[in-house]
Ligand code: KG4
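Single chain ahead, by itself, as structure tokens, in the form predicted alone.
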Amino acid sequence: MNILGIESSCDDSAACLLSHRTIVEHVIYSQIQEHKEFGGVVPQIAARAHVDRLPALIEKCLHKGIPDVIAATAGPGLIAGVMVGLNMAKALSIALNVPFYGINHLEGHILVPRLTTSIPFPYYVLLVSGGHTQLMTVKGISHYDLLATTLDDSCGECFDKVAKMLGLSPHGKEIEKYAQEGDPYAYDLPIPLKGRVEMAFSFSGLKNAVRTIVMDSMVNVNNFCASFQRVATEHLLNQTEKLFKKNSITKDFVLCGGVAANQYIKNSFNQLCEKYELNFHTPPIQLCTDNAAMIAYACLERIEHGIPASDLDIIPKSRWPLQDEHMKSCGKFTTK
């Protein structure tokens, strides 16, 4: 079975042809240059870039094989961008007379580790990205129990904003690059929610502390990035460890999402899992950030578990929690 996956939820345009569990073709266009002068992602510019770039990416995949199924991100994400990919997928579904699946972007992130590694259900997952910070139990396809989420900002958004405040390119990966040459204990930044009993995440206070320091004094960028990265990671570790201290229902833990591409964070969680004798998993770095392979793979999992295709009147969603009731059945949502 060939599945064509399309991703357009934010500022990466991507297409992938997946043949069963083999990636035949996977192409991504990053819109960094389009948004650089604005210091962040501009939704209208992102949507226009998807319109310009996606057709060529899709065509490259179609040269490698004709799809039996079309899948596209239906949300959550920037609504204009999601709409572009979703409409292209619907048009292809009609033109090729093949089924169409609208896929939850978050489901793509939390399932794609199973594409490259045999991970049984259930497993714990920490999804850390530009829009989400969620700790969940993945019990099976469409059965995701939310254990903890952010009270305000996401981890990825905080990394991006801190990079911007420091005058760097507004992308979290810049923090990791400069942190490699810095002292992680040079700056005394507050660890969010320290001492709190219940599991939760929060990054607004840390972001505001960074803003205050940067506004009031000159900072050593390398040392500051290293200190911020350490504190943000300690917060993620502290809240996740609360789960590990309880009676575990699984021996598998997955770290996924764009922030999971950070090697420092990845190594820190690997050590935490070793402490609690858990199997640590994370996708290959190219499958951590937004990509179309995860959309195609989530579609494959849904097909294999007998979940029917989506209606063509499915609408894009800017917000789409994995715990929505419709996620447990066919995943349809329409204008009706």
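We number the residues from 1 along the sequence you see. On a predicted model such as this, the values are computed, not experimentally measured, just so you know.
One more form of this protein should be noted, the form predicted together with the ligand, which is absent from this view; the next part is about it.
Residues Y124, D145 and H235 are none of them found to lie within 4.5 Å of the ligand in the predicted bound form, as judged by heavy atom distances. Proximity to the ligand in the predicted bound form, taken as heavy atoms within 4.5 Å, picks out 158-166 from the listed stretches 187-195, 83-91, 241-249, 158-166. Contact check for N104: every heavy atom lies farther than 4.5 Å from the ligand in the predicted bound form. Put simply, N262 is close to the ligand in the predicted bound form: some heavy atom of it is within 4.5 Å. Within 4.5 Å of some heavy atom of the ligand in the predicted bound form lies at least one heavy atom of K173.
At the 4.5 Å threshold, heavy atoms of G130 reach the ligand in the predicted bound form. Checked against the ligand in the predicted bound form, the residues A46, A293, C288, I58 give one hit for a heavy atom within 4.5 Å, which is C288. This chain appears without its partner; in the predicted bound form, the one residue of P113, G258, G75, G108 with a heavy atom within 4.5 Å of the ligand is G258.
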